[in-house]
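Okay, so here's just one chain, in structure tokens, the form predicted on its own.
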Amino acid sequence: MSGLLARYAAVAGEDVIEQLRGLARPLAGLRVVHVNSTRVGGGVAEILVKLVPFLAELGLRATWEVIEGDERFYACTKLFHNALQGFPLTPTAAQLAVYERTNRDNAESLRPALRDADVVVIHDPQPAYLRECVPERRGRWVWRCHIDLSHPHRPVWRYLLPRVAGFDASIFSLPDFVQRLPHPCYLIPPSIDPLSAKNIELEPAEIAAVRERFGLDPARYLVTQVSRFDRFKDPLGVVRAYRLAKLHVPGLQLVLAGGEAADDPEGAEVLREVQTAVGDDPDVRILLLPADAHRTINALQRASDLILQKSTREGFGLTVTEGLWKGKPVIGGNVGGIRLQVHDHQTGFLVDTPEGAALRIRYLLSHPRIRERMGERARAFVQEHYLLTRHLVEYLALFHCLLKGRAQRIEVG
């Protein structure tokens, strides 16, 4: 067993690693190309940075490509993202022309890899037009949708539907997100890497150093939300929940920690709105962290008494998974993939309003034994359902399905 596989066997179990090896053996040499729109920032990049090397370790010829665009392209694709999650926004003809031209330009540089691949996995709307730009493709193309597509703004979905319909398959995170398409749709929730810098165990001294660095008092309660500064993450709602809870929990501290992503042009504007809302409150830390601040985020989550993720739309919510893995109850928005992970009175609480979040903050901080038991259940839940090894098993199974067509039974060993 290689060093990489041995390290994961210690966390996930040797039986899981043997299952991976058995699924991968018939796929040895399979050329798989993943394509997304950014190499840093956001959950998709965090998944691919570990998923692709692991596939290669298992014997597949897996690579990861990133399309490039200017600010006009990312403004259009951010509009796509918001509209597909329900906002009534529609791109202009000029914006769509930029979107299509950017995909065509990227197709020229990526053509050899895309043309010769056995499987191409296109992540989200940004590179979805690439398939039409490579007519000589020979492999299977899969559209992987990471966002909440349950109630898309119809004009935008009508534009994207013909692009997505031409793929051989699609992957969604939840059944509620699946749209009617003329090809097979698969459900594969995301995952976290338990051995990444963001999720490994840390020494108490390192956690204490991060507390000191940001001026956080270890004697007082701390709640934290880690996410992009994005309106769908509702950072303003988090600030309101904190202020309501603080009326009953004097000295409560709040951390809002996020970073920047190349494909999210709205982040700076949302950050300014949050800074204005917080004002000069000395117990709130708004942290704009670099993309490689994984151990810092890890330490902040471990230093916290509770994790918040008060999203109003959410494809899955890997920051929820990360918080649960660290044995922390999570108070999350009652939306999307958060519902898969946060179970009331078991791993945390689902909420619909800032007032509801404040009530649950007060409850959990007032009941330390309940909070501790929830944290234990939270970590065990992630151990069973949302580690990278499970994600790999399902991707390998998908590749078998794509190669075997509609066979009722697939023998892999």
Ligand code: UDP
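Numbering starts at 1 and runs along the sequence shown. Here the structure is a predicted model, which is why all the values come from computation and not from measurement.
The discussion below concerns the form predicted together with the named molecule, not included here.
Student: Quick check for you: of 107 to 115, 329 to 337, 226 to 234, 164 to 172, which stretch puts a non-hydrogen atom within 4.5 Å of the named molecule in the model of the complex?
Tutor: Stretch 226 to 234 is the one.
Student: Could you tell me which one of Gly59, Gly43, Gly356, Pro26 places a heavy atom within 4.5 Å of the named molecule in the model of the complex?
Tutor: Only one option qualifies, and that one is Gly43.
Student: Just to be sure I understand the contacts: of Lys246, His123, Lys198, Arg131, which is the one whose heavy atoms reach within 4.5 angstroms of the named molecule in the model of the complex?
Tutor: Result of the distance check: Lys198.
Student: Using heavy atoms and a 4.5 Å limit, would one call Asp148 a contact residue for the named molecule in the model of the complex?
Tutor: Answer no; every heavy atom of Asp148 is more than 4.5 Å from the named molecule in the model of the complex.
Student: With a 4.5 Å heavy atom cut-off, would you call Gly317 a contact of the named molecule in the model of the complex?
Tutor: Close contact exists here: in the model of the complex, Gly317 approaches the named molecule to within 4.5 Å, heavy atoms only.
Student: Is Pro194 part of the interface with the named molecule in the model of the complex - any heavy atom within 4.5 Å?
Tutor: Contact with the named molecule, no.
Student: Verify the contact flag for Pro152: yes if a non-hydrogen atom of it lies within 4.5 Å of a non-hydrogen atom of the named molecule in the model of the complex, no if not.
Tutor: No, Pro152 is distant from the partner.
Student: Quick one: which residues from 110 to 134 get a non-hydrogen atom within 4.5 Å of the named molecule in the model of the complex?
Tutor: Not one residue comes within 4.5 Å of the partner.
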